[in-house]
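A lone chain, given as structure tokens: the form predicted alone.
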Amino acid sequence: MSKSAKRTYSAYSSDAMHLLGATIRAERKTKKMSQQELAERAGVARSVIQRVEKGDMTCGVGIVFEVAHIVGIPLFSAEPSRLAHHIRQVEDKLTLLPKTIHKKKKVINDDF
């Protein structure tokens, strides 16, 4: 993809990011926290918080997760203490799966 090409996202992904951004904004306001305060706590510029709250898909996932955590939005249904357990389960599953995936080339026999 060239630098000038604009990345497109599915409607589902765009809607999910919009919902998360709006939820972050609502929680921030509920906690009576300014965008500047949230930015300082997250270690980012205020403009980044504005982009996150608008649902900007180009924001880094780590920043979005951190901002959500700061305002108290759980990203997974598990209690934080259970996340380690779920991580171990997924890692165990990954050890059973192949390290790499190679698609087999389908040989087409067009000799009639």
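Here the structure is a predicted model, which is why all the values come from computation and not from measurement. So that there is no doubt, residue numbering starts at 1 and follows the sequence shown.
Same protein, other form: the form predicted together with another copy of the chain, not shown, and the subject of what follows.
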| another copy of the chain contact in the model of the complex: residue 41, any heavy atom under 4.5 Å | yes
| said: Even though the partner isn't displayed, in the model of the complex is residue 34 close enough to another copy of the chain, meaning a heavy atom within 4.5 Å? | reply: yes
| request: Flag residue 47 as yes or no: does it have a non-hydrogen atom within 4.5 angstroms of any non-hydrogen atom of another copy of the chain in the model of the complex? | output: no
| field | Contacts with another copy of the chain in the model of the complex - residues in 15 to 34 whose heavy atoms fall within 4.5 Å | value | 15, 16, 17, 18, 19, 20, 22, 23, 25, 26, 27, 28, 29, 30, 31, 32, 33, 34
